[in-house]
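Have a look below at one chain only, the form predicted on its own, in structure tokens format.
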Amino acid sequence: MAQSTWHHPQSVAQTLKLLNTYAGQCVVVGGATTLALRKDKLPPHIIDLSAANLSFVRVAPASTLIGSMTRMADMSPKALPGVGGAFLAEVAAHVATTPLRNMITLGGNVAQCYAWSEMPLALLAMDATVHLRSLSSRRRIKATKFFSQSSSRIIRDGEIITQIEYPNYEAGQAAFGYEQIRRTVTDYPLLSVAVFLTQDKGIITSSHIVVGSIKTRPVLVTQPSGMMLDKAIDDIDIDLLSAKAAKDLIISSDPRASTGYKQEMVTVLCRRALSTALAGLAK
């Protein structure tokens, strides 16, 4: 049986050259957890990004950049600044199990984007930006566009995710809520809800409610999200918005839970996440 050749590039430039050299014959891996899920044969060449200098956190005046090889275990509140950092750290802490969080990378979780992947949920709620690079180009794609379709349609041949960028908000400017349910501690989420809000002088300036584990990609619930814009924090009807968030969702079948159960629990989790986010803005 033919065996794959593992490559360990020491930089992004080396990685991109290898991708170009072995185009159509390679796969890029970070924590390599997804290799266990492949049902087909491994390609002749596997490009391991663990030594490509893509694990970092860089803070700029307006935003923070996180390298795509940053592991879930390294995404702590101490490592990531601001409200957005606290949000990502909260979600990262719920990804899989402790051993897997020491392997799963941010870029891998984003690129694979399974129905149960949790980081896409948070990035979509914050409207973060995904940075991609190839030998000939550098691209920045907003999360709302990146997660609107399969990542295989977004990420071009010879291109890799290099970093994720999120806006810097201080306490009082923004707040979040995150809720999920699963059957066991080690199970994939049955359902997840993320809420991210910003405000100016008590008025909601942006709002995103995102539901995960109901389709192949996270769903931005547009109507109740839009209903909060330009409203005072104290005027938000949490029960009404939570009910609307669940009403028109199309939920894919799941052998672990009925669509009716998931529909009902969207309302419950949305109410909790909204309450947490609004309470955070009111502090």
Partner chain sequence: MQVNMIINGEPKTLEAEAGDLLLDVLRRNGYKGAKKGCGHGTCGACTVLMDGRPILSCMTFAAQAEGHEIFTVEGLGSVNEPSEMQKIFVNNGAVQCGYCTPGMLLATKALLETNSDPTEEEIKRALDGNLCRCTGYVKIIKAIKEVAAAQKSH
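For clarity, every value in this text was computed on a predicted model and none was experimentally measured. Numbering follows the first chain given and starts at 1.
Another form, the form predicted together with its partner chain, is not on view; read the next lines as being about it.
With the partner removed from view, the residue among I154, L190, A86, A93 that has a non-hydrogen atom within 4.5 Å of its partner chain in the predicted bound form turns out to be A93. Of the residues given (V29, L220, I251, M227), V29 alone sits with a heavy atom within 4.5 Å of its partner chain in the predicted bound form. In plain terms, the part of the chain that comes close to its partner chain in the predicted bound form, with a heavy atom within 4.5 Å, is 42-50 out of 42-50, 212-220, 58-66, 242-250. Of the heavy atoms in L135, none are within 4.5 Å of its partner chain in the predicted bound form. Contact check for L35: a non-hydrogen atom falls within 4.5 Å of its partner chain in the predicted bound form. Of the heavy atoms in A73, some are within 4.5 Å of its partner chain in the predicted bound form. Remark: T97 counts among the residues lining its partner chain in the predicted bound form, judged by a heavy atom distance of 4.5 Å or less.
With respect to its partner chain in the predicted bound form, the three residues A79, A171 and K231 uniformly fall beyond 4.5 angstroms at the level of their nearest heavy atom.
Contacts between stretch 101-120 and its partner chain, counted in the predicted bound form as any heavy atom lying within 4.5 Å, involve R101, N102, M103, listed in sequence order.
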